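In structure tokens, the next block holds one chain alone, the form predicted alone.
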Amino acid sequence: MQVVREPKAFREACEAARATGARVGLVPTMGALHEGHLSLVDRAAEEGATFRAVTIFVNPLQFAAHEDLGRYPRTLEADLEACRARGVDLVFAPDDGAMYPPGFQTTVTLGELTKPLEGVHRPTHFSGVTTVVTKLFALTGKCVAVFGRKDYQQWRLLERLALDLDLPVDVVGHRIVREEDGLALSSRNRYLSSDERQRALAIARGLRAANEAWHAGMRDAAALVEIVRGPVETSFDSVDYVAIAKPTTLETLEGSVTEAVLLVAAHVGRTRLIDNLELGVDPAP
């Protein structure tokens, strides 16, 4: 497994792989890797990638001043071992200066898709995400890029980004990977105390109940939201949103729905967790 720290070296390694006839698979991460991240590496292979590249970069542009940039877990050596064990071919682990040289002033922003949900509560977040991912797409070149669907709005944004800018990137969203009790895997789960972790399961309970109601014939948007909201409001310290939206555009839905995604963001202790369930598509938590 090759490990590079400079953007030029990463670009050259991807170009060299394509020159041999390989299909490049890209898995962008912020490190602190868990099985959810590693399943993205597997999915890249399922999508035909024969050369798999993982990027590990805690991107400062996507954190607001009051958020957890300083305490975000950084476990590079363990991450590299996990990548080796999974058969990763290339890891790009730049420092801030390599990605954002002195005088850096270019950002990439999208429109309507950024405004609801996360956009309300983290208004600068997606500009940071789309900027760094555009840089990674430019460095990687033609590839298949795999993102976790736990960050559902992010996945839809990056699909739109590649489409709008005619980038030679096939953006794939991979299913949420969960613990046996339903908790969605997240690097931030390691922040949780044992009590907070138990309380965090309320999201999975709410989504599971809504999924059961959906399969029993419930189609009323407001009722489905309330099924999720009840346990979440009871167990979490604060709730940013419990919403039901159109999967592709993330427009809020009302009345009777035929296709929908339920999305949740809530705080337990100092930790903010997100989760979602696309009704009729995703398995129950």
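The structure presented is a predicted model; accordingly, all values stated were derived computationally and were not measured. Numbers follow the displayed sequence, beginning with 1.
One more form of this protein exists, namely the form predicted in complex with ligand AMP; it is left out here, but the text below deals with it.
*Asks:* Among 98 to 106, 115 to 123, 209 to 217, 172 to 180, which stretch has residues with heavy atoms no more than 4.5 Å from ligand AMP in the predicted bound form?
*Replies:* This holds for exactly one stretch, 172 to 180.
*Asks:* Give me the residue from 245, 224, 242, 40 that has a heavy atom within 4.5 Å of ligand AMP in the predicted bound form.
*Replies:* Exactly one listed residue reaches within 4.5 Å, namely 40.
*Asks:* Tell me, out of 160, 150, 86, 199, which residue has a non-hydrogen atom within 4.5 angstroms of ligand AMP in the predicted bound form.
*Replies:* Answer to the contact question: 150.
*Asks:* Does any part of residue 184 reach within 4.5 Å of ligand AMP in the predicted bound form? Heavy atoms only, please.
*Replies:* Answer yes; at least one heavy atom of residue 184 falls within 4.5 Å of ligand AMP in the predicted bound form.
*Asks:* I'd like to check something about residue 154: if you look in the predicted bound form, is any of its heavy atoms closer than or equal to 4.5 Å to a heavy atom of ligand AMP?
*Replies:* Close contact exists here: in the predicted bound form, residue 154 approaches ligand AMP to within 4.5 Å, heavy atoms only.
*Asks:* Quick check on residue 229: any heavy atom within 4.5 Å of ligand AMP in the predicted bound form?
*Replies:* Taking the distances in the predicted bound form, the answer for residue 229 is no, it never comes within 4.5 Å of ligand AMP.
*Asks:* If you check in the predicted bound form, is residue 30 within 4.5 Å of ligand AMP, heavy atoms only?
*Replies:* So residue 30 counts as contacting ligand AMP.
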